[in-house]
Structures are given as structure tokens and as C-alpha cells.
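Structure 1 and structure 2 below are the same protein chain in two forms, each given by itself as C-alpha cells.
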Structure 1
Amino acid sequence: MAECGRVDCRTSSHTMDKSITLPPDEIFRNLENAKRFAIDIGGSLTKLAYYSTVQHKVAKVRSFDHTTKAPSDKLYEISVQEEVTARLHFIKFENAYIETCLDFIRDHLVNTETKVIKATGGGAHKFKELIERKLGLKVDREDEMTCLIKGCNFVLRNIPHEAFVYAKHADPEFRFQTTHPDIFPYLLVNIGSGVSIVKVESEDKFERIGGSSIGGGTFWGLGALLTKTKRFDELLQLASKGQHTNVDMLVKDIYGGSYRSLGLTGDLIASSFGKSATADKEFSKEDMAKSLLHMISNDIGQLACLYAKLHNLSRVYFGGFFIRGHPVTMHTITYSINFFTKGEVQALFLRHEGYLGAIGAFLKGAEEDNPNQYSWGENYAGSSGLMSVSPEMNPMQRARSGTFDMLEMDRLDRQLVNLPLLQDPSSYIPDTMDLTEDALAREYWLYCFEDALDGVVKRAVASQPDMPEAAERAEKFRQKYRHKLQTLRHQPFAYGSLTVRSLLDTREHCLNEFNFPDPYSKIKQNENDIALRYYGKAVKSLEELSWEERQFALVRVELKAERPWLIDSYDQWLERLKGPPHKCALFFVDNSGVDIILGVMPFVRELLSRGTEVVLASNSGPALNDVTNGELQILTERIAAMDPVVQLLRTEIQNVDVMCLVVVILVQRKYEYNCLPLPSPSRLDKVLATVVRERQTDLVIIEGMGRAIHTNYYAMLSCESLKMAVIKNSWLADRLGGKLFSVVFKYEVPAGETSQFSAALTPS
């Protein structure tokens, strides 16, 4: 299993086994800054949660005071500062190793302010004295079901692609669901030793509406009697190799085929273990385990269907010790749900279902800090990801014995919400291409990112010339990110849907992990300084043109190409401009330098001249060569001082959270690469969403290949939108039916809306 470690609890010392895959401090990270602990101990697995503060470097910009003797050719100065952020850590390991793990935590826990540990699960009672003795903390036990629901709500709200549908014979097998703005109501079927069925109606309102004594414990107990196999995972492994039809009596065994009048196919199980009563032979352990797994999974699936239909619920999440990401289990439950509801109810599984109780217990202990008022994001640098238990699917299989799973989440500076202008937030998918579904695209982009790794390392080192240890940190970054890419090649579903955006997210997280906050800061500074010198001349040239010539020149400066274009609705846009001005335009800006100063700002100036308010949206933090909010504020202030049109009219500048990050597009791989931002309107700053609503925004402009093609190409908005990009990647151009440097100019009006000034265009 990737990114997990082994602990040998048979040693007499309190240290980790020397053969551990990851150093102990990479498993239990930031323990010295831990503020709060929670633990969930089940029948075989222990889940530890703790909150820590993480100190890391951030790049800040500050405008020069040009009344002093500061360098007159520089707009702003760059400084690197230390910043403290909050991080949640979740670690899952086997109970057999609990003593050694607690010893390690005790030996490295230096924060004496921590007095209490929240605990849930059956082991909160069983191991209470052990935990208190080892850690010197008081154990405060919490209700298991309450913790479970709190944890489930938390991951559904905060982790994109947390829930997935499993389809055994599909490609891909895992289909991830987008984060829904309203997660309630839903049914949670928690399969532990027994089964609890819970209807969840709101954050704090839930009810256990049913259950069954036939659950994971039944499978384990009967399986042990039938096969003499005592370990749960070994029993699952036997089941994955078995053939249940050797043991189960099918419909065709009774009727010689299907029972058409009742709609029963011949391959349907008529009687679990039915053949064992009449056949005079020995049955293999594998076949019996498979039959048992089918029997219990089908029973649970039917029970879940009955409760879902009784309470009119279409979303059913399955979790608990019994699931454990096992393909055979998920397939059987999914088949059962589909059969009994004819597709009306969907079986959904969770990437982090094993952490729900620990997360809930932590949240119970953190209520004074109100963690739900923040948004959280998964840190890909410190998370293990979803792994398969099937060795056939993955050579680095999840061998549970002595291994660790890890999940890390960072608290974001601001609360993220949906963009109010999305036509249907529940169906919005930010990424145009899902690399988990497209094997050729996946291999191409993984190769591109691997091929670019040397260049990224070189740029990271060059960004910190005064730090001798930068080369060593950059090498550690290289190793970590390459390992992530290798994991994704074997397990593209490890972190949900794999996209070009998620590959960049992962790279940014790894860069930040090793204190490279903004490798492009000085490059951006130089490009901004140079481009600003030409702003006045560019505006003067535009003003000398006729109105119609100027409109085309503004677009041509953005797109740097003459017509014909691959996607071309410029004529409709021009007609729209002949009509009344828009009330407010939301403009997602792109790269620093020429793009923002000589491309975006003249375009914005024209909108302002028409009487349209403009909201400029930028990344809140560094993401390759994107212009950041701090840089944009300085640039806009300087341009306003030079240009009375910009000075007299109001411009709002707001943040797009850095979690949106960027896409890197490689131009023929070996050459310099262009960086393009990737906003996801389902993860935007709440302040920006409020401004958009209050200003009655009726136009959204999205520029750049990352924003307008890799993401949001098919995004449907409730207002007019303009998507502009030059395709700077030959592979992508070919995919879209064009050539390198083809242009996309896509003006759209919401479906069903007509205007004498514009025409609705369907996505190409």
C-alpha cells in the first residue's frame, strides 16, 4: 500500500520498527503542536484524530512607496513570512498495534495543555484505562452514533468526490459524485458487527429507524466456522476468489431457466447455500465464503431498500467495518439495491468511511472552536487515498496487517460556497475531462507531469537563491510528488476523480509541504513591471480605433490570433455589445504580466466605459504564475493612478481560493510551460458569492485554457457568459478537433432565454 508504514509491537522498545515504510514523524505528523485528540476504537481498527497547527512559509507582496528612494522600476517588493494554519490528522491502524502507537504518541507529545481525549466506539470502554495510562490524558467517551453522523456530514460537506458509486464491470469501476450543496436528507447504513440504519435530516437531527443483527460480525463468525479462517481480511480474500454458484441454488437450477412471469433471471440466487443440502461433495472455502458474502450483502441491500422507500429517500450511504473498500462487497450491495429498487435508489460508498467516528468525536471536542464555520480541504501531500484490496487491481495492494491509512485536512482561511450563478449547482462538474475514465488521456497527462518535474524542481531552487538547504528540500519534493504520480498511475481513483486540476492541486500541496510558497514570484514581478510600461501606449492605440475595430482588437489582444477560430461566436457577442450595458461583470483573471495588464485590463476598461461594474476574481494565494489577489490590488491601484477611466469607476477585487489552483499546459513538453488558473464555482469565497449576488451580476467572463477549457467548458450559468482561450497544447487541440493555437471564443446565453441582442449557443 502506498504511503503507509509498519509497526512491530512485539519489540520491547517504544520505538517504531526500523523497516517502517514512512518515518514515524511522517505518520504522526506535527504531534508537538497537537491541541486536541480524539480516538475511535472498533473491534479491529483504531482511528486516531488530532488537530495541530502547522507553520509554513507564505509569499507576501507590498507596494513600494515611490515617494522614497525605493527602486522606481519595481511595483512591489516580495517577502517570505511565516504563517500558522490549522490541520486535522486522521490515522487508521490495527488494534494489534495500539500499545506501540500510543507509546510513540506519548513519547512525542510535548504539548502539556492537552488534558482530555475524546473517545468513541466499543474500544473507548475496553481500552479506557490503557489510553489514560499511556497518554496521561483523561478519556471522555462520546456516543458512537452521534459521532458517526457528525463525521459523515463533515466529509460530505468538505471533501469533493467523497462519495462514489461502484460498478464492477464498468470502466472506470469508481464513479465519484460531486459535492451537493444540500446533503440532507439521506440514509446511512452502517455495517459493523450488526447493522444500524439511520435517517439523517439535518446537522443535528437524525434517527435510528432500523437495523439488523445480521452484519459484519455474522459474516466473520459464520465464515470462521465454515472455513476455519479467523482473520476478517483473509475471509474477504477467500470470497474474492470463490464461485458462489457452486454453493448457491439459482433460479435456473429450479426452473431450468428464468422465471419470466415474475421477472426473475436464471442467474438469480433462489436459495443461499441451497446446493449444500443436496450435493454429496465437499465445498471449497473460497466458494463458501463467496456465498456467505452474497447472502449477507443481499440481505443488507434489501433491508436498506425497504427503509429508503418507506422514508422516500434516494441517497443511501453505506459504511462501517464490513465495507472496507472491498470490491466484492460493494458490488453485491450495489446489485442488491439496483435489483430491489429498479434503479430508483442509489448505493453510495465513502472514501473515508473508516474515519467517520473519529472525525465526529473530534468535532464534539472542538465545538468551542466551531469548526463547521470554516471550510476544509483534503491535503493530498499527507493523505493515503482510497486503495483497493484486490491484488489483481493493484500490485501495491492494501495489506491491512500492520499498515496505516492517513487523511489530512487543512483549514482554509475563508468559507467556500457555490457560485450563485450556477444554473444547477447539484449537477455542476468543474472538470471537462475525467482522467479516471479516459485511459489515454490519463497516461498522457501523467507523463507530462512526470516529464515536467525536473523543471519544477529547478525553478523551486532558483526561487530561493539565499537558502542553501533549498536543493535538499526540492529533492524531497521531487520524491514525494513522483511517488504520488506513481500511485495515481496504478490507482487513478485514489483521491476521487482524477483530473488535470487535481494533479496540479497535488503538486501545489507537495511544494507547500517543503516550503516553496511561490516559485514564480520574482518572474511575475519582472513581467508585471515590464508590461505596465506599455499600458498607456496600448490604451492610446485602442482609443484611436473606431468602436467596432476596438471591440475586435480587445478580443484579439486576449486571444492573440486572427479569425477563423475553432469555436467562434464573436458576431453574437458584438451584437450584444450594441445593446444596453451589463449591470455587473464577474471576470476570472488569469496570468500575471502581459495577460493581466495588456489583455484583461483594457477589456475591463471598455466594460467600465459602458457603465458596467466589474468584479475581478483572483487566486487568494500563489499558484504558479497566476496573478494573486495581493498582486492584483497593487496592479489595479497603479493602473487607476495612470488611467482616469479606471480611476473614476469602481472596481471590486475579490479572492478565488487557492484551492482552485491552476493547470499547467506543457508546450511540446521540453519547452517552457504556461500556467492557467482553474476556478471551481462550487468552491468560491463566500464574500465573492455575496458580492456577485448583491451587484446583480449578469455576465461572467472566463479566460485562459485552464479556466475555459480544462474546467468550465460545459458549465451552464444562469446569466450570460464569455469563455475565451487559446489552445496551447497540441494533444488537447487534437482532442477538440483543432490545431495548436486554435482559439475558443464561446459566448453563451442561458437556455430558454432570448434577446434581440444575443443568441443562445449550445456547447460544442
Structure 2
Amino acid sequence: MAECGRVDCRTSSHTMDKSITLPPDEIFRNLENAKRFAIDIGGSLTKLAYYSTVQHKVAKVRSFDHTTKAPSDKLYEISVQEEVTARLHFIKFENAYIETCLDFIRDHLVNTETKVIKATGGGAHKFKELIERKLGLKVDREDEMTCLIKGCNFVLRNIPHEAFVYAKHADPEFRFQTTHPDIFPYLLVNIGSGVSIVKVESEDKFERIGGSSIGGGTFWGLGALLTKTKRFDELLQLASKGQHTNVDMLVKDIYGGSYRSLGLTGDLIASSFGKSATADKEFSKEDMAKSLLHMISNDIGQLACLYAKLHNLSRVYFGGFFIRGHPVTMHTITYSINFFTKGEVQALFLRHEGYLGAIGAFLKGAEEDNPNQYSWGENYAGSSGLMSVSPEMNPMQRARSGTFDMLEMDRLDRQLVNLPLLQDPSSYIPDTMDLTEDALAREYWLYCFEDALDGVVKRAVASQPDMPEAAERAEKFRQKYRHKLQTLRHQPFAYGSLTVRSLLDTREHCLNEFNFPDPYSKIKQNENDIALRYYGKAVKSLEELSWEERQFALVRVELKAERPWLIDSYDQWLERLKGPPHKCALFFVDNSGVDIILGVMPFVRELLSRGTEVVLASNSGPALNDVTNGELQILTERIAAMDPVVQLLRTEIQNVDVMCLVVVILVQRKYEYNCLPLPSPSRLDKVLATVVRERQTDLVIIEGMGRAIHTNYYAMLSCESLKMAVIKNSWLADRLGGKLFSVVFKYEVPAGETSQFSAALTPS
């Protein structure tokens, strides 16, 4: 049940005086390529969904053919190509705008073969005729509950920090949950006018196991009768100012104190509205509204707990218009759940709860495209994010609720899964620091990103010297990203937990939005070319060293500092190297240029000569000066061509059905940055996961600050792991108890590993 009818909504002066405050073309984006519409019309809000394709510029690298053409001093050429990707758009607006919006859509819809619009929600019927007339599409109704569940499954699977617990007195009030790789089973308590309690067991299997007539409609209806206040929001406002103890009969009103033998404290409500039955006096609107709110929230919480217990479910999500972003109701529901389950069950809320019906209706209509076979990621550049729910915290909130809210999701080409080598995928948190909770860290990093913005803009312009409008686009990028940073300063929870990774992601999304696919491409190209010239020399000088000297030199090239390091388990690593070779090492690489060519590759070469196979993993899309998939492939081919050690191995592996020599398997998530190594348990390319399993990977190497420190610093793997990084940020060094350019060399063996070498590996 979605929002129930706000009957006086369309005539209320409150909604009529609003106008569309954003230019519609910034809201209904990519309409010209739109197909497949769905709409969810609730009592006060409409949610529109459509699918579009987006044309991006992407930077591609292509190897020069050194045999036929005149020798070039460049290893590869860079070209910018157009690529088309799929995007889902979801827009939420007040019902009052529905006509304006439909007009806008009709005027901008080009060339669509769409004949049908999927519709759900209580208002779908009411607006059916209007939609059909305006858009010329046939309205095809879908069952609300089915849509709701489909939408819920979709966001839980695709948006990493979708669910959160609400803690009124915490700062911030939201605590995001790492989504368990297996989202089923769960209980969804939808509090619309009434309450529906649904048990969801799999993608297609769900059952309404219960419900209650005491829900949002009871609060609204009874509240209106008691207080003469008609608007739902105003009732909540009243409630937030009231004292329920003036109206409710508490345990202490009956007992004089607590009821000790039962452990019931004096402040518990014994009888809701009990005082109004016995005391002959006037009660304030605020107090009555508060009492009513408690009564209803407690009742729903209690029923939810009873159902959760009966069906043995520990994940309970709450949604519906009673909850939708209202801190007061999230608080009272949370309180109730904590009381009735003594903390065994947590009340979970969803960031995109308001979109579930629309997403579900859309998916129903798109079944032939099978969106569920892909992975989707939230596009931070085009999504509004979670708004602060407390008006005190964010004065913009009220104005904002009268306008438009957007969610955009981009299709990732392949399915992402978790790295099979994680010790415990369900507890894996990629990010070392949660900036949502760490105010000092947040302040620092937001400052850093803002400070670096000028440089990024400059580089972006420089990366497209042939395009005269690049400067203008770069300026737009600057504005957009700066605005995002400002929003995040006020509402760090907008896109789930704020992390250095998410700040970088957001920047990449914004750059991409303005067609700057790879601002660093030229710099990387130069550095790669220069470094490559020294490869042979570097390898030669390493070979001249004794075995033990060489092992250290290989690491030293990477880390550039004298021992002892900040985190230093080099001795254990060296001991391990004296033992038998690893079967296969999975190496997550970082920067291009010197780093990859003179640091990583000689290290890899050494592993190869020991008889260890190596799988290199890099980003598919560009992020800062990280080496990308395409670049890495060319680089490794080139090195293999001039280095017999690498060459030899290439021949060996060629029979195996994998991509190339030192297997370069790339994570396919576009625009994804540092997180790629082990971004989140469900965010790794499926192919890579398969290779890891097939080749019996027994060593994972993670290199660079982004991958080994910002993320994965605490990641526990089920095989040996080596994390290497130089801390190139004094603030971070300070945090970790070291100085600028401190070195982390963290070699770990999983607990309980009974290799013959483990004795030597225990820290002394």
C-alpha cells in the first residue's frame, strides 16, 4: 500500500503556490532516448521511472603497430570514442505537478516505440485517463505488493549502503548497513494507510503473512479528529512537540513506580490514552498527537516482532508513507523494535524506500530485457541522495520536498560478485574510514577534495586540447562537483556511508557527466613511455644482485623508504619466499608509469621466475593516474615482447582459455575507482572471481594507498596477503601513527593456516 489519498492535496494552497524550481530538462534527463516507462502514484507523490541510453565519450588506447609503421616513440595512441550505456531514471515529485510533467515528457519524447506505461500505487487509477490522454500510452496496472518487493530486492542487491538503522541521538542519525551478499529472507513491513507484513524468501517468492488496520491512516484519521489538524506532516510536527505522558497512563501512574517483578519500568506506557479516560480536563493537541504516534508505532513494532519471531527472521525493513523520511516515526518504530526484541532485531530503513514501487513496476515491464541479469550502480552525479530528515539540520529540506528528487542507476556490463578469497564476505567492509561517523576525517577529506578541484579542472581541459568548449564543460563539472561536496558536508549520509572512495567515485561520475572520460590519459601515456625505456636496465641491475638483496630491492622500488617501516612484516615475507612458490598470485595494481613498469612488473617477474602464476587486476575505467585495463594490456604485451622471463610464461599459459599472458583480467565496472580491488563483497567481476578459483590463487597482493590503505586495510583474506603502500598524505599518516611517506608493508597469513612456514610468520 503506498501513500493513501491526501484528498485535499490538489486544492491546498500549500502545494499550489509551488512551481517547478529546477529546469525540467535537468530532471527528466535523456528523455530523447527514453523507452519503457513506469509510474507509481501515491497519495501525495508520483514516482516516474524510465530507461534510457546514454552516450559517453570514453578514452581508448590502441597499440601502434611497430612492425609496419614508422617507429614511433609512443607505445600506444589514445582516442576518444563514443560508447552507449544503459541508465535507469527515477524521478519523484508531488502529485500537483503531474500534469506539467506529463506535458513535458510528451513534448520531449522522440522516436519511442513505447506503447505501454506500467502503473502502480493507489493513485494510478485516478490518473489513468490523464496519463493515457497526455502520453498516448496505454496504462497497464501492476500489483502494488509485487512491485514493492521487486523494487526492494533490486535496491538491496544493487546499492551497497541501501539499508540503515536510525538512531535519533547519534551524529549522524543514520548508520548504514553493509548489505549481506544474500539478501533473503527478510521481512518487509509496509506502513501505508494500513500495515502489510510481507515475508520475502527469494526473488519471486513472497507472502503477505500478516497486517494490521492500525497504520498511517489511523494516525492521520484519528489525529485529524483529535487535533483538527489535517495535514500528515503537521500532525507529525505536533507530535514531535508533545508529551505523551500527559495523555498516556504509565506503569508508574498505576504502580507509583516500576513493576519490578516483571521488569517493567515506571515510564512504560500501560494504557495509551489511559489518562484521558479518567482525568476530566483538556488535553493539548501536541500531547495527543504524540500519544497517538507512540501508540501506533509501538503497536506496529510489536506485531512486526511477533511475526519476525514466528518466522525466524532477523532482517526487518520498514517502509510506506508513515515512515518515508520522517525522523519522528523512524525513531518511534526503532524504539518499539528495540523494546520488544531486546535488541535481537534491528529496525532497518531504506534510502530509496520511496522508489520501490516505481522500480518494481519498471522491472515488471522490462522483464524481457532482464535488468536483473546485470549489476547496476547508483550514479552519484545524477542522483539527489538522501536528504536530511530533520528540518533543523537542513533548512533546505522543506523547500526541497516540494520539488524533485532523482535516482539514476547505470548498468554495469557484467555481473559483479564478491572475491572468493574474502574470509567473511558478510562482514567485509571495504573502507578503512567511515567519514560519515568520523567528523574530523570528514572535514579533512572534504577540504582536500575541494582544494584539489582546480587542479582536476585544469587537467580535464588539458586532456582535450582539440575541443574548444572543453573549458566550458570543465567549469560545469567544477560547479556540479563543488555542489556535491557542499551537500555532503551538510549531509554526509546522502549516498550511504561517506568514504574517500565514494568521494572519488562521485568525482568520476561528475567528470563523466561532462564528457571528461580520462583527464590523466596524456600524462599516463608520457609516464608509461618514459618508464618503459628503463625497464630493461632496471631488470638487468636487479639480476646482478644476490637473491636476498634482490628481494629487498624489489620492494624498495615500490616503497622508496628505509626500514623499519611503519608496518613492517618484511622479515616474515622474506622467510616465506625461501619456501616453495605460490601457485598463483592475484595482484591489484595501482598507478601507471614508473609504478607499474618499474615497480610492479619486476616484482611480478620475480614471482613468475619462481613458478608462480600471476593475475593482474586493474580498473576498467580511468581513475586519476591509475593504470587502466586497456593500458595494462598493452604494457604487459610490450614487456612480454622484450623480456624472455615474461615471454616464456606467456607461451605456457596460452593454452589456457584466459585473456593474455600474465592474465590481465579487469574489473568491468566503469568509472569505478580504487575500490575495485575488493570494492564490496558483491562488486567484483564474475570472470575474475572464476579465474581466482580456477587458478587456485593462494596469494593476494594489494598495492597503493587507495587500495591498501583507504580500502582493504582491515580486509581479512582466506589466503596469504601482502599489502604495500606509501602513505602520501600527512593527515592519514598521522591517523595511522606515522609520518608522511611512511610505509605499510603488511604480510598476513590467515589464522589457523597450517603451512610449514606459519611458524616463522607469527609476529615476534
Partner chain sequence: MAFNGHGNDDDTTDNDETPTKQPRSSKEMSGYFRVEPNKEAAAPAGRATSDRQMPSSTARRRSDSVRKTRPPFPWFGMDIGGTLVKLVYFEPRDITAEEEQEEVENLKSIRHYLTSNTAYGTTGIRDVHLELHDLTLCGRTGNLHFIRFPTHDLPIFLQMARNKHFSSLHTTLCATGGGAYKFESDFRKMADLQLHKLDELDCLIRGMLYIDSVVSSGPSECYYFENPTDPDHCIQRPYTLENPYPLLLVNIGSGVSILAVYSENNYKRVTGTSLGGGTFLGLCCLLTGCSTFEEALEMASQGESTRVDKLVRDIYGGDYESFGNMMSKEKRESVSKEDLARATLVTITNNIGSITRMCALNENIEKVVFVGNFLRVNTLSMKLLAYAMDYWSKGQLKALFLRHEGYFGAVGALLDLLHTS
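FYI, numbering is relative to structure 1, first residue = 1. Here, rigid core means the biggest group of C-alpha atoms that superpose within 1.5 Å across both forms. For clarity, every value in this text was computed on a predicted model and none was experimentally measured.
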Query raised in the report: Among the two displayed forms of the chain, which is the form predicted in complex with its partner chain?
Result: 2
Query - Core-superposed comparison between structures 1 and 2, residue 196 Cα displacement 2 Å or beyond - result: no
Query raised in the report: After the core is overlaid between structures 1 and 2, has the C-alpha of residue 568 moved by 2 angstroms or more?
Result: no
Requested in this report: Taking the rigid core as the superposition reference, indicate whether the CA of residue 228 shifts 2 angstroms or more between structures 1 and 2.
Outcome: yes
Report task. Look at the Cα of residue 288 between structures 1 and 2 with the rigid core superposed and state its shift in Å. Result -> 2.6
